[in-house]
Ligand code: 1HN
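Just the one chain here, laid out as structure tokens, in the form predicted on its own.
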């Protein structure tokens, strides 16, 4: 318990503070308890976005503004506890992007690292440095830091995906740069070339002509068909982890680490009737319900989950997941950055 100061001391201190303020000097002892907290704290709230209403708003926006006019036609998923920040957690951004048939979202690059998790559609592409990843529902596609990328839809139906970026992290460091090329990047390799060269526990010799991708982040397309098959195979041969269910992390084949320096991504399968043991971690996580129905209890609040719902779980919020039917989730977080900084913890 803090010892109260005598009135004369308090008055003298307040007078001292007033004299220091014009010099931008402030007493740590008045705010230390709020700066160095015994446990993580955040204004971010647990929140669910239902996909159908968000999709309707996005399609209505598609009638009013083109992908070229907008540069990126995206609805931001802003955490209601972080108003005005364009952030879904303190360190991450999320948005739903729409590309209509025949449209191109023009080529650009930026300091921010980004992932795309496809919510619906098939036949559109994301091109990374001129190589197209042909996108299908629930594929994961990366556009790493400072790599040219554009999006195009040559199918006959709308294409919608979740954008996940480290915009708030880059903003914190005041380290944002961006360049615009416009249009589509000239094709530099056939679609799928990177997966053939780097996706089979093989890679071209360093320094050779064939080593066309950045050595540190060569792979950028993780198809749903492949990761779902791996998750199903895992579930067939073992019991689910009590706190995670069956869980697999997407990795960078160059070093076995997270897919990008600031962002980790994973998938989980919870069998029908399974409930996880309570778990909390310092990385606030954004989830997409890929398959099934269930619920999430976040810090004591029960939130129903249905296919294509999006859920954010803030840092250090206790999470319990329950599967009413087989429940498949995709998630991304800032765990990659936290581990590098020695900050990540779970309990």
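Residue numbers count along the first chain shown, from 1. None of the values given here were measured: they were computed from a predicted structure.
There is also a form predicted together with the named molecule; it is not shown, and the following applies to it.
- Within 4.5 Å of the named molecule in the model of the complex, a heavy atom is found for every one of 74, 151 and 165.
- Scanning 85, 97, 276, 169 against the named molecule in the model of the complex with a 4.5 Å heavy atom cut-off leaves one residue, 97.
- This chain is drawn without the named molecule; in the model of the complex, the residue among 266, 125, 197, 108 with a heavy atom within 4.5 Å of it is 108.
- The stretch from 110 to 118, 257 to 265, 201 to 209, 187 to 195 that comes within 4.5 Å of the named molecule in the model of the complex, counting heavy atoms only, is 110 to 118.
- Taking the partner from elsewhere, residue 93 is found to have a heavy atom lying within 4.5 Å of the named molecule in the model of the complex.
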